[in-house]
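One chain comes next, on its own, written as structure tokens: the form predicted alone.
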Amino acid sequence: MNEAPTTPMKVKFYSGEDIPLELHKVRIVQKLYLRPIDERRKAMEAAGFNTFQLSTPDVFLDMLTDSGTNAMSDNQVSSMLRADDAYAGSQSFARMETAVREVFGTQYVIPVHQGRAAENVISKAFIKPGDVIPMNYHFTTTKAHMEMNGGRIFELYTDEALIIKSSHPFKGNLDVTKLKGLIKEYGAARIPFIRLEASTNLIGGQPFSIANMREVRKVADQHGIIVLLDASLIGENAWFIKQREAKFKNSSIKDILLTMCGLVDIIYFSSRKVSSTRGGAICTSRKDLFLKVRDLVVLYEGFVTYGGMSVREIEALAIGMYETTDETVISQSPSFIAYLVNELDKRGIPVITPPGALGCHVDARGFLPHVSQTEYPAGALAAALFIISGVRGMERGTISSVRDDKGNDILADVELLRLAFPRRVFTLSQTKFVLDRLIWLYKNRGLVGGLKFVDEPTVLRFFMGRLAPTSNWPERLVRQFKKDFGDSL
């Protein structure tokens, strides 16, 4: 790839403002619509107060997720035109395999149709009933797959991980002391692997350090346990390592990625996050581990050279892997997240700090202290923000949790409204619009009430569940908005 230097410029504005600078130009655009507030309220009601159920024509800024929504580069789009659609022996796969080997340093690469497919295969291959799985924090689909295969999740996060306002640079670290205690209690034979998630999704996109990885690796080697890495946000985690871990401040992203991947036994990822295509992969340099998952991929996904992916997506993924080493690509999302987080924090609006990956995470319990966790404050905040702005965020709290054997909610450790920043999608003016509406909503936060389930699936209820307000708070919110903004949208 013969391109311009990838190190981002250090730009200071004469005005003294600290704002992110887009290091790309926009050449293809998609039209957006900002519906009137009455239409937004009706859309929210029709969606069962679940932002997953909204239709895109009703959404102004879609900050639900970065999964499959990152902007694709010109190189990615053009690469799709040379796809080799052979069932076996495809040269598209050969190019993807080469890219993964160069970026991650792994010998074996097996494509799957998306990240949760990798979770399914890995869980079936390694977990047996009664096993325990230590990790820095769970992800919803990861936990579901592992528990369905008989495993029990142990979240071994550090004391800093759940502190909302903090300056700790690596709140995604795994607590090694707790890990040693877990191994002593249950025995290494009952631990199929230790899982590390790059930029922990559910607690604010917080990264872990290479120093922490090395400590985990040392303990794993002492007990003969393999280490598993969810690398879906590994590029951003590598960026934070470069920014926050002094030993690596002069290292390239490529070298940091190779260092990280060299400390684990199996890597899996969703290419919906890496390159905005469908698909993903399971990667390893150990032949015994490769053989253990290969046959399951053939059974559940497809042949080993496509794994449920289209060859066009495979081509784009190959380019996306190389672009993960480009600092101008992976730094764009964190810089916009940091801008919004810092501006909210300046105004006393509760938000996860330090800024992490994936999105800006607003602390719903701090924002709506009058709404009980059993009435789902993060879900209520997501619904309220959409009504007053057309901005679709995602609830990451108790709605995203589960119920216990007695039917009671297992309350989430944190209640977060996640506002995702897909790579190179939103502009600064759009980000300032989100900031403005959050400032107004915080001023009028007393108007927002809780939610209750009216249709609740038993598995991953946050996707398809439907809720209703516990009072007429949406009406009060709309009235106040019209009073303050008049005819403005």
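In this text, all values refer to a predicted model and were calculated from it rather than measured experimentally. One rule holds for the numbers: they count along the sequence shown, beginning at 1.
Just so it is clear, the following notes concern the form predicted together with a small molecule, a form of the same protein that is not shown.
With a 4.5 Å cutoff on heavy atoms, Arg418 counts as touching the small molecule in the predicted bound form. The closest non-hydrogen atom of Met394 lies within 4.5 Å of the small molecule in the predicted bound form. Under a 4.5 angstroms non-hydrogen atom cutoff, the small molecule in the predicted bound form lacks Lys171 among its neighbouring residues. Of the heavy atoms in Arg116, some are within 4.5 Å of the small molecule in the predicted bound form.
Shown alone, this chain has one stretch from 213 to 221, 342 to 350, 226 to 234, 316 to 324 that lies within 4.5 Å of the small molecule in the predicted bound form by heavy atoms: 226 to 234. Although the small molecule is omitted here, in the predicted bound form all of Ser67, Asn201 and Arg272 have a heavy atom within 4.5 Å of it.
The contact residue chosen from Phe139, Phe290, Phe154, Tyr157 relative to the small molecule in the predicted bound form is Phe139, the criterion being a non-hydrogen atom within 4.5 angstroms.
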